[in-house]
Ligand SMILES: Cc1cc2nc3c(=O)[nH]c(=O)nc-3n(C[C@H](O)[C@H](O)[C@H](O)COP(=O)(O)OP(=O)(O)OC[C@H]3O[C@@H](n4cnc5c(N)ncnc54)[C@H](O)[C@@H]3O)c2cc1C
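First comes one chain, alone, set out as structure tokens in the form predicted on its own.
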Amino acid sequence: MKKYDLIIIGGGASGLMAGIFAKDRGLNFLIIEKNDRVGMKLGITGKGRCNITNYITDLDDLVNKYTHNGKFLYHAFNEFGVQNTFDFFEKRLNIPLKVERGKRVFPKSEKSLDIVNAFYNELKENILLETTVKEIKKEGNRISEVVTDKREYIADHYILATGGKTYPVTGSTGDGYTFAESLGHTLHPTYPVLLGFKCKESFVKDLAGLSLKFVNVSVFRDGKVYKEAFGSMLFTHDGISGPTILNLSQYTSDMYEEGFEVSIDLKPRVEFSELDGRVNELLRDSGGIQIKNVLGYLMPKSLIPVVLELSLLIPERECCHITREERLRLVNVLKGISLRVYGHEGWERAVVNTGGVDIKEVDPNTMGSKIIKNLSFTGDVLDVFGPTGGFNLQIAWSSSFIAVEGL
């Protein structure tokens, strides 16, 4: 039986990156992937454009973006940071990049498949497709062999790069957690995060597809503001999504059973009294014009019927007849559209999940297991994640670098 220097289980982002580093070091390695092609989830990231990273080059600023076990990533980011990632894709894979709003980095072609194909073309001689790992055997504190549905494979070292449980259609079904647990590792419960909310209000369906920019979204817990985020959001057919919602969802994994309230401030940069003055002036200047025909100055047209209904205002009511009480109701709605959240979009739509392999059992300097001497972990199988905007792929790139360097 042929023996490899390294076997990488999983042909996703971190597994492919580890493969490149292994190739550059001249290692005899094999990537085992159960799908008929590699990088399936990578191919749909960034809505098919592949948000490679976020261009934050200051180490402390970068680590602080990771509110869940971020300190664990400090060494990895120090050894292979955002600038290293930028240079890798431009110089090693010859893929020109660009930086967009929010410091998000994309290939200039705006095609994630360019990234996937570049990896595959570099690694195709070392990739074994349509091969499912059934068992990872160990002898004492070392892996002895990997059993697949085709045959067994052995190596001096192994990297578990199977990803998490989100977007199961891409092959991320959580089998890496099963393997890690069978080898003696502790797992933290997994929950989908960075995903949209499902809301009870029927009007969200009427607003499906509407995107709002520069709003502030607050999550309430026990009647008080628990978390809030400023940015853009999107109405879906059964709730709300978009960057602010996805980032807030990392804090709400235990709140769906009882449900909770969110509030959308359409004018977060304007204090209530100032907004009231603006609305009062608008109504005064509009005279006999119906209220439904003047609110376009304050919000998207499709939102007007909803705001009027929530404000208990008749759309045909003339502006000059709006009372102070009615005006204050309108301003209150502009400063806080309330929605009741009863669920989330599920594993099928979540960007990542919380939980996974306990980082206390992993060496942050090498990503090596403290339990199994010839095993390392990379990417989503670890109990780490970041916000949207390229931060989670940066984990994949950096953890893969030090995992291979640490062999």
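Note that this is a predicted model, so its numbers are computed, not measured. So that there is no doubt, residue numbering starts at 1 and follows the sequence shown.
Another form, the form predicted in complex with the named molecule, is not on view; read the next lines as being about it.
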**OP:** Using heavy atoms only and a 4.5 Å cut-off, determine which of 144, 211, 132, 182 is in contact with the named molecule in the model of the complex.
**Re:** 132
Subject >> the named molecule: the contacting residue among 355, 46, 364, 70 in the model of the complex [heavy atom, 4.5 Å] >> reply: 46
Original post:
Using heavy atoms and a 4.5 Å limit, would one call residue 21 a contact residue for the named molecule in the model of the complex?
Top reply: no
Original post:
Looking at the partner-bound form in the model of the complex, is residue 375 within 4.5 Å of the named molecule by any heavy atom?
Top reply: no
**OP:** Check whether residue 14 has any heavy atom within 4.5 Å of a heavy atom of the named molecule in the model of the complex, and answer yes or no.
**Re:** yes
Original post:
Does at least one non-hydrogen atom of residue 81 fall within 4.5 angstroms of the named molecule in the model of the complex?
Top reply: no
**OP:** Would you point out which of 33-41, 57-65, 336-344, 356-364 contains residues with a non-hydrogen atom within 4.5 Å of the named molecule in the model of the complex?
**Re:** 33-41
Subject >> Heavy atom distance at most 4.5 Å to the named molecule in the model of the complex, all of 167, 175 and 393 >> reply: yes
Subject >> Sequence-ordered list of residues in 333-360 near the named molecule in the model of the complex, where near means a heavy atom within 4.5 Å >> reply: 350, 351, 352
